[in-house]
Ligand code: NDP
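Just one chain follows, in the form predicted alone, and it is written as structure tokens.
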């Protein structure tokens, strides 16, 4: 039986991915900060085939303790889905909170590389796959995206670097880069402002978590000789905008 390890499994892409892998008979290890949500997901998917590891990706000691506690039956991890991440704030850089920047870096970058490094020996042994969740924000900048976009650009480039370093091991590495997707993302980013979230997605028909979960599963279960390097995806109603122009000749 194959095993998927999914970070950030308490909501959004992570929870949907856990359901998608479980639906196809996989064992699933899910991580997240919100223990009650993880317990509910384990109950939904079946405790015998699902394992919850509650910890904060920024806490290296807790991360290491959680990995060392994994029962033998779940240890042969075939797919790592690096989904845990967040955006905080929408302000331009001069007004942004440094604590928000550091939290995004610690979660989206430091936590991701730490757990990847810890699981690499197992993934090499299993000739497995790593699926990193990046974002179009790592390619296309926008006002207020500053550090969030920078962290996702890192994830994309890190994925390509891993792919190069793991050449010849049989391990596949992919970066999935979603555009507008309606999950808890905007609620987290705005401190729980439901009105802002509703306004952002109104009339767009954005991507949903299940769309990305299907892509994660597809990428992870392709024949072992096939590697999707990067997969950029947007809803049909989202496309590319023009460049900003500041019209003040005195500046």
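Numbering follows the first chain given and starts at 1. Predicted model only: the values in this text are computed from it and were never measured.
Another form, the form predicted together with the named molecule, is not on view; read the next lines as being about it.
Undergrad: Tell me, out of 196, 204, 188, 62, which residue has a non-hydrogen atom within 4.5 angstroms of the named molecule in the predicted bound form.
TA: Among 196, 204, 188, 62, a heavy atom within 4.5 Å of the named molecule in the predicted bound form occurs only for 188.
Undergrad: Mind telling me which stretch in 120 to 128, 94 to 102, 163 to 171, 145 to 153 gets its heavy atoms within 4.5 Å of the named molecule in the predicted bound form?
TA: Of the options given, it is 145 to 153.
Undergrad: Should the three residues 55, 135 and 183 be counted as contacting the named molecule in the predicted bound form, with contact defined as a heavy atom within 4.5 Å for each?
TA: Answer is yes for this spot.
Undergrad: Would residue 21 show up as a contact with the named molecule in the predicted bound form if we use heavy atoms at 4.5 Å?
TA: Residue 21: no contact with the named molecule in the predicted bound form.
Undergrad: Just checking whether residue 49 would be counted as a contact of the named molecule in the predicted bound form - the rule being heavy atoms within 4.5 angstroms.
TA: Heavy-atom contact with the named molecule at 4.5 Å: absent for residue 49.
Undergrad: Should residue 86 be classed as touching the named molecule in the predicted bound form when contacts are defined as heavy atoms within 4.5 Å?
TA: Residue 86: contacts the named molecule in the predicted bound form.
Undergrad: Although the named molecule is absent from this view, report whether residue 107 comes within 4.5 Å of it in the predicted bound form, heavy atoms only.
TA: Answer yes; at least one heavy atom of residue 107 falls within 4.5 Å of the named molecule in the predicted bound form.
Undergrad: Do any residues of 26 to 40 have a non-hydrogen atom within 4.5 angstroms of the named molecule in the predicted bound form? If so, which ones, in sequence order?
TA: Going through 26 to 40 in order - heavy atoms within 4.5 Å of the named molecule in the predicted bound form - the hits are 32, 33, 34.
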